[in-house]
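Listed next as structure tokens is one chain, alone, in the form predicted on its own.
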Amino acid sequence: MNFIYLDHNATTPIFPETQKFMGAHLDIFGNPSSIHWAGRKSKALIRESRISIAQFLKVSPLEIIFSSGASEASNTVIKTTFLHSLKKHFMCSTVEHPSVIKTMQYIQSLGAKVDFIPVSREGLIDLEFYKKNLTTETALVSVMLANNETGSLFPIQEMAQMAHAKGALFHTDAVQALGKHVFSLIELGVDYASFSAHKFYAMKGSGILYSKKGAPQISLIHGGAQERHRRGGTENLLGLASFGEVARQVIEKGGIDFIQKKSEEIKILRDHLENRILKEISHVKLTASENPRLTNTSSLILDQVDGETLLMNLDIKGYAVSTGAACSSGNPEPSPVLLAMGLTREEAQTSLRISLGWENSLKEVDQFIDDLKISVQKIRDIANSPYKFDLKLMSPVGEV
């Protein structure tokens, strides 16, 4: 079977050059906190990774705090701000990643006042609601740079400026933008930003919290003196090294210019994919397509097509796609993001997310569309048949 990966917003494959780098560094095993030769080798590898990531993001290495991933980084910002700020008002959008939404709900249960900023069906964040509810009592605002399901880009620079004018801190979950969209943390003006290595062609289990110089920083994980006492725990050496190596290679290939080039190439593929689908498959809608969004992401609503059934059909044919966020996999409920945007449950249950990556080709996209057409037609034929079937109970062996 010819396997084709079209789910890069869930995770990305490890960059080929990075795989070679990791293989050559498997013999570095020492604890980075040890002062002997084995520890010094590991410490040097972490230092090099920090410098490469900081150079790519154009920030100071001292503003980089290593973590297990963006979920930990976002939890750190929200929980420590709640614990140590005299202000108890927080804000975030209704379409944030669960690591932000659920953490906000958690501090809400402890007494925080949280306002959830609405997002329209077209993917636009409600700036009027934001302006109305943002006050001098607001401690922190957390809004993602790019949405993981629809690809919508939010006006972070403008929102951060408004937050600072009221004396509030600003955090952005920038996970989906890294490697897909050109941005500058300095120009965005945020106090904090969360990133995950595995969304940037590196290994899982590592990430960073960008903490702007001067921003309050209290440890969420207490223990050793790692990360200048800002995050306890022995570092994920190889995971962080892979993150740094991807950053180094991207810088070597042109840095921001390389990301821009890849983004433009992927946009050509995405536009071709969407144009063919809209032309060749009836009753399909694009979600949040008229507004700024990542060039790699297409969120589709296919009438009379159960999303999970379609996903299983495409999986059998070798395609990796999604009906929503990977962190919600196994949840029988429709996508919370699409529901928060105002789509009906019926619409949300017919969703399909396609997210392209650096290595996808026009041939792969065309092959996918050809098979998508066949699968959609089969599912619709069964849905319109006088004989009623429960599609989800049908065995994958007997393809729908």
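All of these numbers come straight from a predicted model, not from anything done at the bench. In case it trips you up, residue 1 is the first one in the sequence shown, and so on.
Another form exists, predicted together with a small molecule; not displayed. Remarks below refer to it.
Although the partner is absent from this view, Ala70 contacts the small molecule in the predicted complex, with a non-hydrogen atom inside 4.5 angstroms. For Asn148, a non-hydrogen atom is located within 4.5 Å of the small molecule in the predicted complex, even though that partner is not displayed. In the predicted complex, the small molecule lies within 4.5 Å of some heavy atom of Ser99. Under a 4.5 angstroms non-hydrogen atom cutoff, the small molecule in the predicted complex has Val175 among its neighbouring residues.
Only one of 134-142, 77-85, 306-314, 194-202 lies within 4.5 Å of the small molecule in the predicted complex by heavy atoms, and it is 194-202.
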